[in-house]
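Presented below, as structure tokens, is a lone chain in the form predicted alone.
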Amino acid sequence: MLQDHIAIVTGGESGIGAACARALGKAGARVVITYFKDKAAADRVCAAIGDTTRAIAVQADVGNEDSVAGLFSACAQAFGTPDLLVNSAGLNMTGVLLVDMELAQFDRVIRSDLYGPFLTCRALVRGLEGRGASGRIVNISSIHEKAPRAGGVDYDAAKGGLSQLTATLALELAPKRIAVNGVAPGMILTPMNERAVHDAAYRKTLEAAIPWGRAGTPDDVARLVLFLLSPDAEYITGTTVTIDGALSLTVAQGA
């Protein structure tokens, strides 16, 4: 399905990013994943896809302009100009209230979760424009782009900004046939929800709030991302798809 495509997946060493990378590889794309610290985990994801003619891992700080430039240069040298991008790298909320939050902490999350997609999207588009080529982008957001939580001013602000970045880029890039969509997961069993992954009793208390009756998995999200990157989604751009088992619909129920 994607045999002639080259994909970059940020945050590809674990969780949603790893599942997306494996799905893209299975669909035939050549894949470059980024990791921040865990090279061994990144190498395992690449090995699941194939040898170095199929997938490579690149250490990158997506919030750093020079690091992103190095990422795209490494991709070009290994495989060519990428035309698919999944922005999955990111940091979670800290639980620190605004009054107690240092600027450095706010900046840390904004740089990872909002500057990162800005920089990678810009790099992808510049490469595609140079060839007059089309492409597809999926930004991994969160239901918390709209549903705030106390202690989440850093993460919620970043994801709210990412929603508007996605919509604005879709408008700018549609004439160039570069599609930009978002995916907004709810509770997904990834390292960001480590306690829920390992503590079945705790997970069950959280799942009680999900109408579908269970938490989501990285593969649930990856299947959606793969569709949005595929030719079957050719006419879809500028939307964010919620994938949360109807969790976000429970606001104000019983009021």
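Remember, predicted model here, so these are calculated numbers, not experimental data. A residue's number is simply how far along the shown sequence it sits, counting from 1.
Omitted from view is the form predicted together with a small molecule, to which the following refers.
The small molecule in the predicted complex: contacting segment from 202-210, 46-54, 222-230, 60-68, heavy atom within 4.5 Å: Heavy-atom contact with the partner occurs in 60-68.
Heavy atom of residue 42 within 4.5 Å of the small molecule in the predicted complex: Contact check for residue 42: no, nothing within 4.5 Å of the small molecule in the predicted complex.
Residue 196 within 4.5 Å of the small molecule in the predicted complex, heavy atoms: Result no; residue 196 lies far from the small molecule in the predicted complex.
Interface membership of residue 25, the small molecule in the predicted complex, 4.5 Å heavy atom rule: No - in the predicted complex, heavy atoms of residue 25 and the small molecule never come within 4.5 Å of each other.
Contact test in the predicted complex: residue 155 vs the small molecule, heavy atoms, 4.5 Å: Yes.
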